[in-house]
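We begin with a single chain expressed as structure tokens, specifically the form predicted alone.
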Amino acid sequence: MSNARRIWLTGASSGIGAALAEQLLASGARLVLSARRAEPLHALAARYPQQVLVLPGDLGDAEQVRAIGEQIAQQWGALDGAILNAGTCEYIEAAHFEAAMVERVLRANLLSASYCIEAALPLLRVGHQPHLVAVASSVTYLPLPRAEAYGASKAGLRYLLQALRIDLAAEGIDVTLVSPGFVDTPLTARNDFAMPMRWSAAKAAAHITKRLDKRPYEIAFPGPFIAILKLLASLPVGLQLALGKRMARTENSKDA
């Protein structure tokens, strides 16, 4: 157990994060688990008492994240990996555009990841074969209706990680971006539209876990769905707009 990889996993209370926690713990990894809801984290700790350190908190609060980082330093002294999975999704109705929604989603998806990176990097620098991983989204390949806030936050996360990959290369810290398509989670359960090629959280977690050791630049899935998005993204903007207008909801369609 002393040689097990020490990984900080955020957003571990449900969805992909909870499934990742299960699979990483089963493989023998030691995990720091963080999320707003502490109960699911303590349940995992009860099943894997020698492998789990539960440090819950609001990751959109810089002070709370800093305190979590300090506790990891005190307990473990270093990290070998950080998987930043915490996030949320809200959809914008353009007729009632709400800047506060954009701010909420950016804080949950981009700023929280930035706070965690700030706390994790000093620990990764003294870890073994350090690996920084963040879960973005396939939505960043193609603009979609109502996804302005979510897409902007995940596009920002994509750029942040891609640029960090360059700046951290000299320090030997590998960076991987995860870009899922639709996955069954409590968040997507609220969606009121079709979600083609949807995967279970367990299947998504298995796909990610299987590839982490190879430290790829990106883990994107499902393959056919990603290929279709990239193909559509290569179309002229006018055609993308026409396609988006066909997908967009009107007031009449919302009432249907």
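Remember, predicted model here, so these are calculated numbers, not experimental data. Don't overthink the numbering: it's just position in the shown sequence, from 1.
Only in words, not in the display: the form predicted in complex with a small molecule, which the text now covers.
In the predicted complex, at least one heavy atom of T185 sits within 4.5 Å of a heavy atom of the small molecule. Of the heavy atoms in A21, none are within 4.5 Å of the small molecule in the predicted complex. Interface residue remark: A86 is counted as part of the site for the small molecule in the predicted complex, having a heavy atom within 4.5 Å. Although the partner is absent from this view, P180 contacts the small molecule in the predicted complex, with a non-hydrogen atom inside 4.5 angstroms. The partner is absent here, but in the predicted complex a heavy atom of A136, alone among A113, A149, A136, A120, sits within 4.5 Å of the small molecule. Contact here is defined as any heavy atom lying within 4.5 Å of the small molecule in the predicted complex, and by that definition not a single one of G69, G81 and H128 is a contact residue.
The partner is not drawn, yet in the predicted complex one stretch among 169-177, 69-77, 141-149, 128-136 has residues with heavy atoms inside 4.5 Å of the small molecule: 128-136.
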